[in-house]
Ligand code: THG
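The chain below stands alone and is given as C-alpha cells, in the form predicted on its own.
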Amino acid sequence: MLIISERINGLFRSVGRAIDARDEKAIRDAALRQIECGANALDLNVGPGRGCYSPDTMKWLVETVQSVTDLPLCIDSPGVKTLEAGLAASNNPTIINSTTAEAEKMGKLFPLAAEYGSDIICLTMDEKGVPNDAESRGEMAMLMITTAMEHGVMPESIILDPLVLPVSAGQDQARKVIESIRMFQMLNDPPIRTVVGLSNISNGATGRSLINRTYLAMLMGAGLSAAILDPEDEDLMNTLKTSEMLLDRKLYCNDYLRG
C-alpha cells in the first residue's frame, strides 16, 4: 500500500515555524524521520496564512525535501499557482492533492497533471458538497475519470478519494466510504487506485489512534490502495503491516513487523 505521510504540513506548529524560518535542517530531518517510519511518499503543504508567498514557499519546501529523497511528493495546496510552483520545482514523481468534481477545478488541474506527468487525487465532491451515499460517490468518480481522460490524464494516473468524514459528525459515513472503495474498483479494468485522508475519521473524537488504525484495517480489507496518514504512529503502522500480511500482500515471517 502507498503510505503518504501527512506530517510535512504548515498546520503543525513545529513545521510551520520551520517553514517560516526557512530551516532546511528541520524539514530534512522531518522528511527522513517519516521515511524511516515507513512513508513511501510525502505530502507537502505550506499551510495557511502565507498568502502571496505560497508559490515561493512551496518551491523552497519541494527543493528542500527532494534534496534528501527521491520518493514521490504529493503537492498539497488549494491554490493553483502554489501547486504549479511545486510541480515545476520537483525532480521527483509527483501527485497533485487534489481536484474536486467542480468543472472549474477540473478544467485547471487535469491539464496541469497532463503537463507535468503527475498523478492526481480526485475528491468525490462538488460545489454541493460530499454525496451522502456510495452510489452518488461512484457517479461523481465516473464523471471525473471521463473528464480526466478528455484532458489526457489516463486512469492509471488517477487516485480516487471518497472523502472520509469525522465519525463524530456522521457515523454512517464510515460505512459508506467502505462501500465506495469497493464500488470504485468496478469502474475500470484494471481498478483505479483509491486513497483516504485517514485521520479525518477521528477528528473531534477520543481514542483517535485506535479509531484510525481500526478503520484503516477495515478499508484495506475493502481494497484501499493508499492512505495519507501519520507514519510516526507506531501502533497504526503495525496495524497496516499486519493487515497487509493477513490480506496476503506481504509474505509472513516471524519478524514481519520490522519490514
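Computed from a predicted structure; not experimentally measured. The first residue of the shown sequence is 1; numbering continues from there.
This protein has a second form, the form predicted in complex with ligand THG, left out of what is shown; the following refers to that one.
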Single option in 101, 121, 148, 85 placed near ligand THG in the predicted complex, where near means a heavy atom within 4.5 Å: 121
Heavy atom within 4.5 Å of ligand THG in the predicted complex - the one residue of 203, 40, 214, 66 that qualifies: 203
Which of 246-254, 232-240, 20-28, 7-15 sits within 4.5 Å of ligand THG in the predicted complex, heavy atom basis: 7-15
4.5 angstroms heavy atom contact with ligand THG in the predicted complex for residue 180: no
Interface membership of residue 54, ligand THG in the predicted complex, 4.5 Å heavy atom rule: no
Partner contact for residue 34 in the predicted complex: ligand THG, 4.5 angstroms, heavy atom: no
Residue 134: touches ligand THG in the predicted complex, heavy atom cutoff 4.5 angstroms: no
Within 188-208, the residues that have a heavy atom no more than 4.5 Å from ligand THG in the predicted complex: 197, 199, 200, 203, 208
